[in-house]
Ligand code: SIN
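Just the one chain here, the form predicted alone, laid out as structure tokens.
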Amino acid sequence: MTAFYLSKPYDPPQAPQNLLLDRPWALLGGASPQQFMKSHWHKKPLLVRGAIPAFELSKQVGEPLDSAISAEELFKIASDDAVESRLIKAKPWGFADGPFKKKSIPSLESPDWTLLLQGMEARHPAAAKILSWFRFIPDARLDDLMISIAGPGGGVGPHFDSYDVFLIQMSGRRRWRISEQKDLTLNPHLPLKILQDFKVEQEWVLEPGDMLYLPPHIAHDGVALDPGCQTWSVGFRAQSYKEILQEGLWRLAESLEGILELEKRFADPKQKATNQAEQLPEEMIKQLEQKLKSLKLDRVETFLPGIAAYLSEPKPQTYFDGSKNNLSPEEFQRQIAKHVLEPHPQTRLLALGEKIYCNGEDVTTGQSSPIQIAWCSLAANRQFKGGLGRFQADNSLFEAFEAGWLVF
């Protein structure tokens, strides 16, 4: 096992801004992103040997690669109380939430433990670069990159996820067993969400550089075979329709606050006498229907701004520190003309047409054209450099920089 610890770390490249969606990708087993989305996404599993060719090439020349993030670095990150982490032990099953001191984490050679670290794209540039490879899938679907490091026998037990996931083997080997079984009943007697009756249908051992894609509700069980086994999981969230619509409706209701026409009180001069006083009056129903149509509340595009704002919100435990971004507005103007401005790794950006939402906020409405262009570039290309014209007092770009949402 010495080779795993002495090998040089892998340095993942940043994906190009313009992805070639109709060309074969090694990452997808020779399929193009278009082919992958048509044949596998949300449909069936895909095992890719050599998804990261650098691992096999380095092995052939006698210089095997290790993970881009060492075990020592991961243990240090696990001690940060701003990081969502869990330590899971098998035989018997149990778990604890972080942060963790190094001495509370078993040694790499100890059996039957797994350390899970969420949101690693915000903690290490290598993880952020790996995420850039998957931007052929809409940003609105992305959750985060989780890293699992384990001792021999470590795992979280047979389970299923409600979202799509790409499992990239980054160090050591892991045995994966999967099943497309319909019975997804969980064992009620265990502290983890482990399947009660797991029936293995396929099994593989993944080496560093291999990848396994799983759509939702595929039962799977991954067990580490080597000390310090690392699996990097790129997960894609899938909220319920109820959650999406509720959040969209809530934000839509807030947006009605500024409409003066709606401040008027209901009036019914055309109301007729009735002998069914208990019924909601037809006159009220008719007027409300007219209001809904005038506000376009019967059309989906009216709800989309609220939904886009919701989907651009960062994860609940996200923390931004803008204390280091203490430039004056004038200095910010000069810096942005000379240096590349980027979203903080935890910042979420979504576009709805030409309108951009950043961390739940509409940042383009009412802004000057140069500011809007900058935000469009940040959303599409994850970077911007250029002039902003005359400084605005309510410059949303500068405000986002001061909040720590954007960084040079």
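For every residue, the number given is its place in the sequence shown, counted from 1. Source: prediction; values computed, not measured.
One more form of this protein exists, namely the form predicted in complex with ligand SIN; it is left out here, but the text below deals with it.
K.L.:
Every residue in S148, H159 and T231 with a non-hydrogen atom within 4.5 Å of ligand SIN in the predicted complex?
P.N.:
So, yes: the whole triplet contacts ligand SIN.
K.L.:
Pick the stretch from 151-159, 94-102, 205-213, 179-187 whose residues have a heavy atom within 4.5 Å of ligand SIN in the predicted complex.
P.N.:
It is 151-159 that comes within 4.5 Å of the partner.
K.L.:
Under a 4.5 angstroms heavy atom criterion, identify the one residue in A90, L74, L167, L311 near ligand SIN in the predicted complex.
P.N.:
Checked against the cut-off, the match is L167.
K.L.:
Tell me, which of I194, L116, V83, A128 has a heavy atom within 4.5 angstroms of ligand SIN in the predicted complex?
P.N.:
Looking at I194, L116, V83, A128 one by one, just L116 meets the 4.5 Å heavy-atom criterion.
K.L.:
Does H220 reach ligand SIN in the predicted complex, with heavy atoms at most 4.5 Å apart?
P.N.:
Within the cut-off, so yes.
K.L.:
How about R123 - does it come within 4.5 Å of ligand SIN in the predicted complex, if we only consider non-hydrogen atoms?
P.N.:
Flag for R123 set to no.
K.L.:
Can you tell me which residues in 249-278 come within 4.5 angstroms of ligand SIN in the predicted complex, by heavy atoms?
P.N.:
Nothing in this stretch is in contact.
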